[in-house]
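There is one chain below, alone, in structure tokens, taken in the form predicted on its own.
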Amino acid sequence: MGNWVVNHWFSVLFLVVWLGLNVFLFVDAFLKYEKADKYYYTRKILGSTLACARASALCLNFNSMLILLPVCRNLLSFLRGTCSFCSRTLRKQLDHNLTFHKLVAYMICLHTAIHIIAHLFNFDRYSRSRQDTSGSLASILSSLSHDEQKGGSWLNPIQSRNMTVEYVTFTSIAGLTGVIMTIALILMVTSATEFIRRSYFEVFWYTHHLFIFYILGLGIHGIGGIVRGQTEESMNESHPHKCAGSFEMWNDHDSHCRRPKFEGHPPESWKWILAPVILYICERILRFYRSQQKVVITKVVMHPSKVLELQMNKRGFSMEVGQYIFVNCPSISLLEWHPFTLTSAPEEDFFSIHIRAAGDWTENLIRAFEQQYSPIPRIEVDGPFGTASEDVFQYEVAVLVGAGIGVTPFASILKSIWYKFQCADHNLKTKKIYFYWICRETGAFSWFNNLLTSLEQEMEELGKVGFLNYRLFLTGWDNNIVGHAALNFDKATDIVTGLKQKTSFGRPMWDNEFSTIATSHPKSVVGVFLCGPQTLAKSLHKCCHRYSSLDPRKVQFYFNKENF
């Protein structure tokens, strides 16, 4: 527990502040509408659900203001660059952008549910008070006629006994935009589940752009002023504390109390979301401008296990290790953009990506490049954008863990290391790298086999064999492969990969690995970087906490995961 607090105190503080602001805004708005004299008569019809609806609306505005900021990729890359000299704790918060985006979305869903339920009660009470003929205060307030609406004196949006709640819902701006926003929100949230994103990315991509309807609906939702309060002039003339008890005499000429007049609550949502929307529009304009710059494909390589490698050039393109780009192929889909980690090094005169067939879009792209007698499809590129792997050279010891195609960011890092040794870069802070690559099939190892062979040779020639400790793990095998490997175990090179490092069968024993690293580097700061599934992330995260020392002078493990 102590290690967890040491590693995550800033994240916890940030979440506590965010949750605290939500609680404060809700309670403050609730008390305002529950106690304010301006809404005395409104509460006579609606009760406490008025305050619930308005308090949740304020929290919706607050969280809708935040929802777009974590997905402004250029903004995050800019902040990552300007925070290059910030503490590791502050920089790591930028890696949790999608986690915070999801938390804000869940909060929006919560307050949307509260808002809808409260308004269901509100409209039911509006309807019952309009049908009421007992002469109660609520019925008198609801009977303010439609003719007087021009004078701003009406309080109940249901203007006649024949008017239904459904009619008001679908003919008023607030009701119609509320329905549209709710449908858009439901579709966005349900299509953003892990299963949909992994199996049907196109569904997630298209439905998530319904946020445009959500934002537009939110901006105009308050127009029409269905929630109304007494005007200041009317309160000065006939304060509810003095006149509510004598509502039967409001029409008498001898009475000092006049019938109250009401005004709609001015729309405020647009004030909350205006700045983030402008920022996001600038973000999308910048993305569009960069995506229109010409991309030249210099080399196409088909690797085993249906993996496509594209090497490209683009004017003004500059990258760092571990970064990623978004790729679009107009001949397949004009609107779909997919993220891919760069596998090239900053020192190379091109940039490259490796694409594994994992859905309709990627399969269609690979098929298009496999057609030998067809022109090469046009590719559009947006980026690069920063990730946690950019910080790999800020650590004395780095642990790189790639699962399958998740090895791509570490290919960039390992290539960069090779170039740094070639150029005798003395500014390299990293003294030791542990690299773990976990694959299901043997063919995957050939993707970067040449790179690992070159690194082996380079380390031997420079006398730095101990700098890179890499382990390859095969999780899918048959008895023939195991038997063949056992018979050839004494050979200098591995029978599966051809490398000097032997392939291990099964999965790493992470407790043993972390224990060995902690023992070998008792006073080092160790960065653990993962590009792989969530189950593996949980295991590594726990190990980072378990083997980090409470003493800041001793070994510390910092977990970093690629998030797209």
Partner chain sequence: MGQIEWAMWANEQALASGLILITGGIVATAGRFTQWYFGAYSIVAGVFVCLLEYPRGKRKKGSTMERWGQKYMTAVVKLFGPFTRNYYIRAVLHLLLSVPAGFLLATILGTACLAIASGIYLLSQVPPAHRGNCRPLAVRLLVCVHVKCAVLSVYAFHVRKWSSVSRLTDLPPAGLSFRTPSCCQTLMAVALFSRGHPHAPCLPAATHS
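What you are looking at is a predicted structure, and each value in this text was computed from that prediction instead of being measured. Residue numbers count along the first chain shown, from 1.
Just so it is clear, the following notes concern the form predicted in complex with the partner chain, a form of the same protein that is not shown.
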Query raised in the report: Looking at S191, T177, S269, S139, which has any heavy atom no more than 4.5 Å from the partner chain in the model of the complex?
Result: S191
**Report entry** Contact residue in the model of the complex, from E461, D360, E347, D252 (heavy atom within 4.5 Å of the partner chain)
**Finding:** D360
**Report entry** Output flag, E166, L187 and S331 jointly within 4.5 Å of the partner chain in the model of the complex, heavy atom basis
**Finding:** yes
Query raised in the report: Where, among 191-199, 304-312, 319-327, 270-278, do residues come within 4.5 Å of the partner chain in the model of the complex by heavy atom distance?
Result: 191-199
Report task. Find out whether any non-hydrogen atom of I183 is located within 4.5 angstroms of the partner chain in the model of the complex, and reply yes or no. Result -> yes
**Report entry** Proximity of T99 to the partner chain in the model of the complex, heavy atoms at 4.5 Å
**Finding:** no
Requested in this report: State yes or no: in the model of the complex, is some non-hydrogen atom of Q293 no more than 4.5 angstroms from a non-hydrogen atom of the partner chain?
Outcome: no
Query raised in the report: Taking the shortest heavy atom distance, is I116 within 4.5 Å of the partner chain in the model of the complex?
Result: yes
Query raised in the report: Considering only 111-134, what residues come within 4.5 Å of the partner chain in the model of the complex, judged by heavy atoms?
Result: I116, I117, L120, F121, F123, D124, R128
